[in-house]
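Okay, here we've got a single chain as structure tokens, the form predicted on its own, with questions on binding and movement later.
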């Protein structure tokens, strides 16, 4: 399904989706973030600071509550994700490509009921990139595209005073059908224009991970290289790189005691981070990744070696957030290229 939507009707479309919670890019204190919107939605945004992955994989999620009263059997109460549907507008293609990668981990690789319960109620309305890329974008070199539809339910392309709107999935068709009268059929000129917009977007030069197909073998050969410690020397272990990543999915599970008499608490899943010093700490005190070099190696190898070995594709989508937001300037593109270059 391909349609034309006049820009003045975007808010009417959102109003028609009355059974969905709508999120869109909002600029607040100089930071773009996905937040609930009920009226006007701005779609003139660069990429947001954080990806929308938290809708299906929240940063903090309660699995169940527990209570132990002396002399009685423990009481467990499961906390089930709500059934509210969420439609996220303005998702950029690099974040869209993060969705099937998260799905591979939490639906194909293992069956994570909590992720699946949330994921089925999230729809992604994407916006193709039609402006020159940011200084740290590199989606093309990891198999993506500024006009990719991967992971999206709907793709929108800005044509000036109107959007070219394409349903990618059945969920996307449903979103468009809910406001069918607002959409018009695209003309031949519209089709030609969107093809040109897409071609121009792909033609914009970007940064690049060089020869990405050869990277897994090169990384494997460089496992013991002293270069890792050199490249990670500035790292402060803040973890911002993975917390902002659209595909990082490591987590920890903890029991949090809320009272002791009677004993009450919750079991919680929270995001974890391979750049934290205690991420792989054993109960014995041994840490197989005891320094920043080993931890940087893990992050890079997960993206460009382990994930390709397991799933046949890079885990990285080239959004560039980890480069742009790193407080000490560690650059994953430069790191990969440097390690590969030195691997011979």
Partner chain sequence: MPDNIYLPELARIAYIKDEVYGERAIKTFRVEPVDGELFEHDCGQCAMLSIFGRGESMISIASSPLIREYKQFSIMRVGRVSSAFHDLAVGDVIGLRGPYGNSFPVDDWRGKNLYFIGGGCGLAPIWPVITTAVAQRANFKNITVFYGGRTSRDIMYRAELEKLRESVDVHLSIDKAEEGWNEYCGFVPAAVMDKDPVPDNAIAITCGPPIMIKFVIQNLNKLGFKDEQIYTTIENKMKCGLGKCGRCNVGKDYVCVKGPVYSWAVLKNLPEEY
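Numbering follows the first chain given and starts at 1. On a predicted model such as this, the values are computed, not experimentally measured, just so you know.
The same protein has a further form, the form predicted together with its partner chain, not shown here; the description that follows concerns it.
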item	value
Its partner chain contact at residue 289 in the model of the complex, heavy atom, 4.5 Å	yes
Proximity of residue 272 to its partner chain in the model of the complex, heavy atoms at 4.5 Å	yes
Contact flag, residue 195 vs its partner chain in the model of the complex, heavy atom cut 4.5 Å	no
Contact of residue 38 with its partner chain in the model of the complex (heavy atom, 4.5 Å)	no
Sole residue of 257, 208, 217, 199 within 4.5 Å of its partner chain in the model of the complex, by heavy atom	257
Heavy atom within 4.5 Å of its partner chain in the model of the complex - the one residue of 147, 182, 212, 105 that qualifies	105
Option from 183 to 191, 72 to 80, 85 to 93, 161 to 169 whose residues, in the model of the complex, bring a heavy atom within 4.5 Å of its partner chain	72 to 80
Heavy atom within 4.5 Å of its partner chain in the model of the complex - qualifying residues of 104 to 120	105, 106, 107, 108, 109, 110, 111, 112, 113, 114, 117
